[in-house]
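Before any questions on binding or motion, here is one chain by itself as structure tokens, the form predicted alone.
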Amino acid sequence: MLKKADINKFIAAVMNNGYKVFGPVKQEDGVSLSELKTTDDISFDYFNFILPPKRHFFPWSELLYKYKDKTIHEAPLPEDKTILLGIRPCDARSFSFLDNVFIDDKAVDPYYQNRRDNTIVISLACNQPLPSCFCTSVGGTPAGKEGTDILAYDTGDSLFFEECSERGSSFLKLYSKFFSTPDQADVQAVKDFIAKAEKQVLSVNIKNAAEKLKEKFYDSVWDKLSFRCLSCGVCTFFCPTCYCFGLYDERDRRIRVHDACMYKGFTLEASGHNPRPTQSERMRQRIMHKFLYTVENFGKIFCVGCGRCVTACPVNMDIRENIVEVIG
């Protein structure tokens, strides 16, 4: 247990040990995951961050290398020791999904891996899920431990910390002087907390979605679903598990930039041919990728139910309604 009154001392000690600490910071348009410059910046009054925290491991734009006189100069690997504090369980779970992509048996992205290896994730269980949340329908929970090192519960005047990995255990032992041992009442309070939060999460029936989607590739339902879509790509950029990117050569460097399957130019080939020229086909690709292709490739649905795409869509498209309509 860590008393909230002592959290500033705890964060200050972590910073003094050379960690960059990113946590919930209030801004004009909501709470964002930002670097804490002082211990007074932190705020626990939020539902979730505006943007997904994947950018800390997989930045929007990233220099890979520069070249001069026919010589390639690779960008140095990131070495900063980092703490991500207050990550919601759905977002922490998304990290384990991205690990499947960037830390593969056959190929490892060294930039992504270094950031993951040098980062301790401290997630914060949800005590009040939003109406747009549906994590329990896709394998998560408001107090999920997947992808995190330490899971914290807000019990009012204190935070209850639970180790979830060896790295998390070592970290808590290093700062043990700031913590006290919880009693049975604290443990029961956390159990009640979890049960109450799970009851508040919207349930979406997507049972056997992958198998049903296999039969829907040529279905006319995609034309109906895509009719309102603006191809703005906001759903992909707000998604914590979307990982598509493009490589761009500028005059003396190569950069990696996030890209979106909802863009018409995403699949445009140099010949001028585009295998997915219509919005209907791009809508199909997005849903098929989330609920079928990743199940075939990685054994899991690549959606954590955070609901960001639901709240961010400018024409009120809802992925929960879409997938239910497709699979029937």
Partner chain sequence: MSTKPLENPYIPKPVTIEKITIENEAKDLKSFRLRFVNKEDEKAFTYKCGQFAMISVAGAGECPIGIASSPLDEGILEFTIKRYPTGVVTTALHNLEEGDIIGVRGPCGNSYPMAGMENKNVVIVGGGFAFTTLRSTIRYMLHEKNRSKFKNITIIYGARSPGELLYKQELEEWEKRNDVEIFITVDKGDENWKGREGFVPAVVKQVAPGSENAIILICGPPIMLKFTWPPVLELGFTPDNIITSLERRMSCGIGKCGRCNIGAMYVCKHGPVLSYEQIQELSERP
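None of these values were measured; they are calculated from a predicted model. Residue numbers count along the first chain shown, from 1.
FYI, the form predicted in complex with its partner chain isn't displayed, but the following is about it.
At least one heavy atom of Glu74 is located within 4.5 Å of its partner chain in the model of the complex. The shortest heavy atom separation between Gly299 and its partner chain in the model of the complex exceeds 4.5 Å. The shortest heavy atom separation between Arg167 and its partner chain in the model of the complex is within 4.5 Å. Interface residue remark: Asp249 is counted as part of the site for its partner chain in the model of the complex, having a heavy atom within 4.5 Å. Heavy atoms within 4.5 Å of its partner chain in the model of the complex are found in one stretch of 97-105, 169-177, 155-163, 80-88, which is 97-105. Contact annotation for 235-261: residues with any non-hydrogen atom within 4.5 angstroms of its partner chain in the model of the complex are Tyr243, Cys244, Phe245, Gly246, Leu247, Tyr248, Asp249, Arg251, Arg254, Arg256, Asp259, listed in sequence order.
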